[in-house]
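Only one chain is included here, represented as C-alpha cells and corresponding to the form predicted alone.
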Amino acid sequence: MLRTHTCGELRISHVGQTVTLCGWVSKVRDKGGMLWVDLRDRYGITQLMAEEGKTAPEVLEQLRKLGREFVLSASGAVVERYAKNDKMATGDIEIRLEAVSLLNPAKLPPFLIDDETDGGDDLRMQYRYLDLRRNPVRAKLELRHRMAQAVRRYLDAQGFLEVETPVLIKSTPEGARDFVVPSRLHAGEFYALPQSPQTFKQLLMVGGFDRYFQIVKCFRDEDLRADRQPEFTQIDCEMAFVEREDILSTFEGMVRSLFTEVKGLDIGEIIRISYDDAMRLYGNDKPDIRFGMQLAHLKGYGNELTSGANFVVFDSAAAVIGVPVKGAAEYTRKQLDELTEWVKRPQIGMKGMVWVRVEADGSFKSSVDKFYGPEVLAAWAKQAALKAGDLLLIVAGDAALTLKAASELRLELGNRMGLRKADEYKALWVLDFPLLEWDADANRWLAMHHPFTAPRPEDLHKLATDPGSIKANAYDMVLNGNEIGGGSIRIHDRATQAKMFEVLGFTPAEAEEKFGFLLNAFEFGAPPHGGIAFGFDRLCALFGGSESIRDFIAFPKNNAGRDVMIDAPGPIDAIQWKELHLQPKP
C-alpha cells in the first residue's frame, strides 16, 4: 500500500507516529513562513503542515507548486494541532511533513469540489467523476451501499438465495417499451433488456428455489422524471408455498429492519388499506399519510349534499370534493385567491375553487353564501369533520379529474404547511387493486400490474364473465406518498394463465409464441407463489431525504436519458450496422 492510514483516520492517540497519507489536494494556504495543505480522500481531510527552517527546502518547493486536486503522497509525524478544528474529525492533529511525492498533477477543475459547490447540475453531470469527490455525493452512495448490505443480511437470514437472471431476454408486448438489442448471429432478431426478472423468478419457483432475491438492474424505454431513469435497480423477490399474508409480513419485516439498521428509527405501525379506500380518502393509490386532510365527498361516492341551490358549477359537476384544512380559518383572501389560481393551472385543470370557513363561534362564512345557507354548510362541515377554526377548500368537475385535483391540492397544502417532513416516515400497504383496466383506444383490457397477477381467490370465477370487477391479489407498499414496492400472488396453473392471456386479447398462438415457456413450465408442478419488487433507487432517495433518485446513482442519465459524461447514446460505425443486419439512417 502507498499509504499507512486514510485521511479520515488519525486522532490524538496517533501523535508521535510517522505515517504516510495519499489523496487529493483540497486547499493550500501559504503564509510565507508556514504552509498548510488540506489532503482529502473519501474518508475525510487531514491537515499537512510545513515550516521554514524545519521542513526540508525541497519539500517546501514541491508544496508551493501544488494546485487543487493534485494527487499527492505525504509522509511525516502526527503532531497535536495548536489551533484545533472541532468541525473536522481529524481536527486535533496535523502531519508535520518530512517527504512528499507528486503522484499526478491535475488541471484546474471546472467547479469547486466542496460541499457547497459553484457547479450547476449539467456541469457536474458532465464531470461526474469530479462530483463524486464531494462529500454530499459520496455520502449518498455510502448510504446506498449500507442499504444494499442490510437488505442482503436480512434476506439471507430469512433463507433467501441470491440468484442472477439473464439480461438478454425476449421482448414482451405488455408494460413499458423495451430496450432492444440486435443480434449479430441471428439476422433480423433481437434481444430485449429486462423490464424486470418477472418470468425468470417464477421459473425459479417452479425449479424449487422457494425463496429468491436479487438486487438487479432493470430497463424501461419510457419518458423520464426525477424518480425515473432508463436503467434502475430493484430488490426483486419471490417466495413459494405462501399466501399474501406471508409476503406482507416478511417484507414489512425487511422495511422495519432497514429503518432500524440504517437510520436508527422505528417506522411504527404499517397500516393496510384497500385501493378503493385509498382513492376515496386521498385521491390516489399511493397516499402520503404523514398528515390528515382526508377528502370529503360532497357529491359522488354515494353522497349528494350540493343539489337544490341552482349553483350551476356544482349542479353540472360529476364530483364535488372538499379538502379540510385544520386550523386554517384565518387564511387571508390573498392566500385563498393564490390557491384558486393554483388549482386553475393547466397541470391541475380546475376552473376555480370554493371555500368554507368555520368561525370561532361555530358560524360559517363561504364564497357561495348566496347559494347555500347555514344548514347546508353545516352538513358539508359534518361530512368533512370540520371544527371551529377549520377551512374547507372545494373543487368540482369531471369525476376522475376532480379526484386527481383534490389529491394534488391536499399534497400542495401539506407542503405549504410544512406537514411533509423529509425526516418523518409513514408507511402503509395498499391492497386489492383492480386486476384489469380498460383501454378505450385499444378497445381491450390491460393488466393493471402485469398479466401474471392472480385474481383474489373469491373473484377467480369472474374471469370469463365479469373481468372488470375482479380485484387482484396484489399489494403495494407506500412510503411518504411514494410507491416503494409492489407485487402480487401469481397465477401458477396453465389453464388460468391461458384464460388471463385470452382476456387480455392474446390469441392462443400469440400467447404460445410470447409465453409458451412459462405455460409449459406450469404443467410440470408449479407451486403456489408470489413476490414483490422494491424500487431500490427510490428507497435510497427517501432514506436520504431527497426527491430525486439521480443523487443516489453513481453515473445517472439526465432528464433526456443521456449520459453527458460519455455522450451516450451515440452512433455506431458502418461495420457495426452491417454486422447487425441493420440499415443506417439516410
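Numbers for residues come from their place in the sequence shown, where the first is 1. Because the structure is a prediction, the values reported are computed rather than measured.
The form predicted in complex with another copy of the chain is left out here; the points below concern that form.
Student: Sort through 360-368, 89-97, 503-511, 240-248 and report the only stretch with a non-hydrogen atom within 4.5 Å of another copy of the chain in the predicted bound form.
Tutor: After filtering at 4.5 Å, what remains is 240-248.
Student: Which pick from 490, 133, 449, 420 sits with a heavy atom within 4.5 Å of another copy of the chain in the predicted bound form?
Tutor: The residue in contact is 133.
Student: Which of 221, 412, 276, 398 has a heavy atom within 4.5 Å of another copy of the chain in the predicted bound form?
Tutor: Checked against the cut-off, the match is 221.
Student: Tell me, yes or no, whether residue 570 is in contact with another copy of the chain in the predicted bound form, where a contact means a heavy atom of each within 4.5 Å.
Tutor: Residue 570: yes, in contact with another copy of the chain in the predicted bound form.
Student: Report whether the minimum heavy atom distance between residue 440 and another copy of the chain in the predicted bound form is within 4.5 Å.
Tutor: It does not: once another copy of the chain is placed as it appears in the predicted bound form, residue 440 has no heavy atom within 4.5 Å of it.
Student: In the predicted bound form, does residue 69 come within 4.5 Å of another copy of the chain, counting heavy atoms only?
Tutor: Heavy-atom contact with another copy of the chain at 4.5 Å: present for residue 69.
Student: Taking another copy of the chain as it sits in the predicted bound form, is residue 107 near enough to touch it, meaning that at least one heavy atom pair lies within 4.5 angstroms?
Tutor: Yes.
Student: Is any part of 1-38 within 4.5 angstroms of another copy of the chain in the predicted bound form by a non-hydrogen atom, and which residues would that be?
Tutor: The stretch touches the partner through 1, 2, 3, 22, 23, 24.
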